[in-house]
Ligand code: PLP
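One chain comes next, on its own, written as structure tokens: the form predicted on its own.
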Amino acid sequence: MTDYRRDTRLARGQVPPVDRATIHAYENATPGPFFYQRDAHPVGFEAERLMGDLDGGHALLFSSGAGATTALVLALLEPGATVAVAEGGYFGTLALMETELARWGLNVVAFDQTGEAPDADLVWLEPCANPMLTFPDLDAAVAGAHSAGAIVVVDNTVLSPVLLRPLEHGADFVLHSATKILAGHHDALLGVVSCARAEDRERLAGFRTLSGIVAAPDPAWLLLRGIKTLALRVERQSSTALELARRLAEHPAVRHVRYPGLGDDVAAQYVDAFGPLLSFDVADGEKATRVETGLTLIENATSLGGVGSTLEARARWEPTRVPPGLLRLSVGLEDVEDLWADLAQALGG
């Protein structure tokens, strides 16, 4: 089966049953591979095998994307280390590091990932950054960080391994909030880290067991189910997002559209499609609220990557980091004409 192409590997085989047992008895006084659920469990093992195959590395499941972020920082770095985090990316990463992890002694520097990273122990990149949609020159960024002795983590949540495999570009670790595009149905909370080196996976696995931030069997099962249709979903969502971005760019109520598919030459060097996420600006926060409340099909909700489209004003969560009129749109599987009709009527003239 390893000779099959990716989409065939995703579709083949049955999702295993959920084994919710927290313990499995020893055999001949010897603990087996699933002796205690906090260490490992059968459905999680299968999900990790598949994610490792997709990313081209050695994968581990965590209880959430934020849990995976915490593990990467605490397991890999010493107190007083410096992390350079891409500006315009997921605000929860920066908030976690600047508040809770800063008390542990972490120094955090936000930087423009389209340029050079500052000196740091760890460089955190995010292609198609959420919600500002910046895209780094990944090869140059990884090479520059490594030449300065830094570890490189790439948050690949928005693109998924269907569109980009950062380990192939030299990244040390790839992180996914699997809650989003990978699981894909707004019904599972978990994170994934894929490591370039097996020994790094073992280090993280030990931290995960001791800290207890392993994904439970049920969300791991939902991840395996969702991945079956991952390639098809990403293809459809990306094509619809590109068409909506083009139309939004022509709408008189829209001041600016962010989507790498609209002429980002750097992004085009790395990917053939640009994922389900885009953002656009309207006049101000009041107009953004009117758009949110004027929708009838698109759900006014947070998160991204699900089969149903969602939109929200991001200044609600990160008022100092984004324009007050910025709306983030995660495109689902609805018909493009229905989505456009809903956006157009909510935007008005």
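Just so it is clear, the model here is predicted, and its values are computed rather than measured. The numbering used is simple: start at 1 and walk along the sequence shown.
This next part talks about the form predicted in complex with this ligand, which is not shown.
Considering this ligand in the model of the complex, the lone stretch of 160-168, 258-266, 188-196, 138-146 in range is 188-196 [heavy atom distance within 4.5 Å]. Proximity of Leu304 to this ligand in the model of the complex: non-hydrogen atoms within 4.5 Å are present.
Proximity of Ala315 to this ligand in the model of the complex falls outside the 4.5 Å heavy atom cutoff.
At the 4.5 Å threshold, heavy atoms of Ala288 stay clear of this ligand in the model of the complex, well away from it.
Interface residue remark: Ser279 is not counted as part of the site for this ligand in the model of the complex, having no heavy atom within 4.5 Å. Contact annotation: of the candidates Arg201, Lys180, Arg233, Arg208, the single residue with a non-hydrogen atom within 4.5 angstroms of this ligand in the model of the complex is Lys180.
The partner is not shown here, and in the model of the complex the stretch 196-228 never reaches within 4.5 angstroms of this ligand through any heavy atom.
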